[in-house]
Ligand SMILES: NC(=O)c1ccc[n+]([C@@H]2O[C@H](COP(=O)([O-])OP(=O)(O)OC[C@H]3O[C@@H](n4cnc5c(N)ncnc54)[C@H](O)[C@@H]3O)[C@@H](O)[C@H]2O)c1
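The chain below stands alone and is given as structure tokens, in the form predicted on its own.
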């Protein structure tokens, strides 16, 4: 990771913070995009003295796609381009399908997918010029089925897997790899949507082959692997990080 510049959306969130810290410890310059002031403050405090890499924070509203593009163009120009993009930011409203308005569906798509498209469009010309790039899209176990009331979220995660494959084919000749990671059930703020936390935890452990809850570091090491030089012959793949809940 030494000398790499990494753009990370949702970098201060439940799964983002540990990955950001790991990448900094490995020498990367992480440009963290987030809009939660409390989480940003916690990330900045946690990153203090981590080196040899460094952290740059950009408080960014991903729903403002033109503003996002302008921000990314400025960041890429200021830092000499972006080597790695991690599309992680997501929202996950939960209610029955028929209760969602089309505008709510579109807003989930805007944050979870369209912002990632804008990010890649902003940085991929520089990757092509360098002959190197890594793009990692964060999908979800929910795409495998079995979750009610999350249809806009599940649709958005399916879109990211489709884009992973399309981009991998298109960008491969330039030395750019594109892969996805599908986390299983991790004890983050996302689980607060479940009305019975203890029952949900029992269900998760019963479903997994590995009988412990996943940790943010499990995702961090998977992302770091796909972002590294050594993963240069792997592209278009979706890695399931879920303790053996689903297997493929």
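Everything numeric here is computed off the predicted structure, so don't read it as measured data. Numbering follows the first chain given and starts at 1.
There is also a form predicted together with the named molecule; it is not shown, and the following applies to it.
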Contact test in the model of the complex: residue 39 vs the named molecule, heavy atoms, 4.5 Å: yes
Contact test in the model of the complex: residue 171 vs the named molecule, heavy atoms, 4.5 Å: no
Distance check, residue 227 to the named molecule in the model of the complex, heavy atom within 4.5 Å: no
Non-hydrogen atom contact residue 92 with the named molecule in the model of the complex at 4.5 angstroms: yes
Residue among 180, 43, 55, 185 with a heavy atom within 4.5 Å of the named molecule in the model of the complex: 185
Site test, 5, 18 and 220 vs the named molecule in the model of the complex, non-hydrogen atom cutoff 4.5 Å: no
Interface segment, criterion being heavy atoms within 4.5 Å of the named molecule in the model of the complex, picked from 96 to 104, 73 to 81, 120 to 128, 134 to 142: 134 to 142
Stretch 49 to 68 - residues with a heavy atom within 4.5 Å of the named molecule in the model of the complex: 60, 61, 62, 63
